[in-house]
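Before any questions on binding or motion, here is one chain by itself as structure tokens, the form predicted alone.
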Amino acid sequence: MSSGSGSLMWFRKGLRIHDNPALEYASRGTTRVYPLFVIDPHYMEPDPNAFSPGSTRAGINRIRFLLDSLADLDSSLKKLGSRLLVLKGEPSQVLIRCLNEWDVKKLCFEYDTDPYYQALDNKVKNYASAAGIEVFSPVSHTLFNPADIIEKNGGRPPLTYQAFLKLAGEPSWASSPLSVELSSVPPVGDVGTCEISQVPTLKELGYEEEDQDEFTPFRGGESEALRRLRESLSDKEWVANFEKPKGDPSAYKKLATTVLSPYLKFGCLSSRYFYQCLKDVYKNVKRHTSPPVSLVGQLLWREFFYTVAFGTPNFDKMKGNKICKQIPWNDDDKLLAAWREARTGYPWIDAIMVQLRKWGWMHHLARHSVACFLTRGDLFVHWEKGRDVFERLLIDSDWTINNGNWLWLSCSSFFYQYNRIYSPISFGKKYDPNGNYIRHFLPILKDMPKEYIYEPWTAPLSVQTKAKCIIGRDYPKPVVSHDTASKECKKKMGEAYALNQRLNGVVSEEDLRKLRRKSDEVDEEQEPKPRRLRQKLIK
């Protein structure tokens, strides 16, 4: 086997030509390169039982974004004298078969910290090493290697952003320019009996094109990523003054952020190249914002989450996750469905959930609003349930960042000021008093006067009739009263925090059950019956 002369470049994320050390290494000192992408049924097999069009794990918007990205990569490779080879099946099996069939001496792929890929990569690496094939798997999806930072910190991940910054410093590669161009890639070798296909369409994967009435306005791919990057960076003043907590979550015509997150997620844009471009802008302006709020600060947040996730077993669960508070969340599927399907009766929350379903994206402050509402703000539903919905519907869904943000927003880890709640009424009103965002994503409310658009249940019947929207018939009544529900949530969070402190974080299932029972009994005693009824989900 080791007498082979070709290289196999296995693409997963990292769907780009610029700053792609694995592709560069694969192209060096060889006459043949096999650029391969495997359609993995784990992510791509259509699932007719899922709550929205798509596979078991990914909504149709993200699958479409990936296919765009693959088509763009194929076209870039063709310009360099190569092309993308697409195969279908369980990736480790497909890869082992290709290594067997093709004349390969080097296997190259970008390092990936996700648990799913870690397991996959170990299988493939073990096989390649036993067969005498060189494996090259550089870290280029992130600015730092998370393992290095954990090692610097004595084997534990830093649990605050500031501690992370102190340990991380400047990335080692940052002082020299990155290689952003490849002049050519050696041609593809003989593919033997492997059934190579073109980049498939949604239809060829078994999806109905008309499964959805409005698709994401964002096209996937490296070309689009670089175009967006140039556009964002052309406004140097905007880049210099960018402050994360600011920005308008209700802006939907001209968006208030770069929308580069999906391109970073799929690696259509190199985070390292983005970092260097930002540093170049900073050099040429008088003053600029700093981490945590600056654009470079946003890239460093991504690194912080990657590092913590990599060093924390069960990072994506409450149980067995030592950095996660154990909280007796409700297991209320009706409330979860009302939230997921934009039927909470709170137009600000519902409009955001419609945008999520249709576009696969929404502004970070909009994400904060709906995540807080589902968990510690109003419904007290488990963050893992909300995480699953985001994981499916977001085009930029990234295992690490999605879990990190839900841990944060549910006050389960990182952030503990559970008394600070996003109001489902006044928070959106602050940015969009006229309710244009709501009118756009919830057209049933488009004629509701602005005095009532955030709380349509308070509108007199005559106003509802005139607006052609009767609350309780055309649009739901609120599933909970925010004032009552948020008070109750704060009380439950306080009790859970006290329990975690008392038991030093070692909280059993039985402890949580007792706490849940205790707070339910207190509720029953305190709540007069009619109030209880109003709290129930209104069909």
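It should be emphasised that the depicted structure is a prediction, and the values quoted were computed from it without experimental measurement. Residue numbers run from 1 along the displayed sequence.
There is another form of this protein, the form predicted in complex with the DNA, and it is not shown here; the text below is about that form.
At a distance of at most 4.5 angstroms from the DNA in the model of the complex, all three residues K325, F415 and F427 contribute at least one non-hydrogen atom.
Proximity to the DNA in the model of the complex, taken as heavy atoms within 4.5 Å, picks out 496-504 from the listed stretches 48-56, 496-504, 471-479, 22-30. Screening N434, S75, N314, T160 for any heavy atom within 4.5 Å of the DNA in the model of the complex leaves a single hit, T160. Contact with the DNA in the model of the complex, judged by any heavy atom within 4.5 Å, is made by just one of S232, Q298, T113, Q464: Q298.
By the criterion of a heavy atom within 4.5 Å, I421 is counted among the residues contacting the DNA in the model of the complex. Using a 4.5 angstroms limit between non-hydrogen atoms, V180 is distant from the DNA in the model of the complex. Put simply, R439 is far from the DNA in the model of the complex: not one heavy atom of it is within 4.5 Å. For the chain shown alone, P171 is not a contact residue for the DNA in the model of the complex, no non-hydrogen atom being within 4.5 angstroms. Contact residues in stretch 367-384 (any heavy atom within 4.5 Å of the DNA, taken in the model of the complex) are limited to H368.
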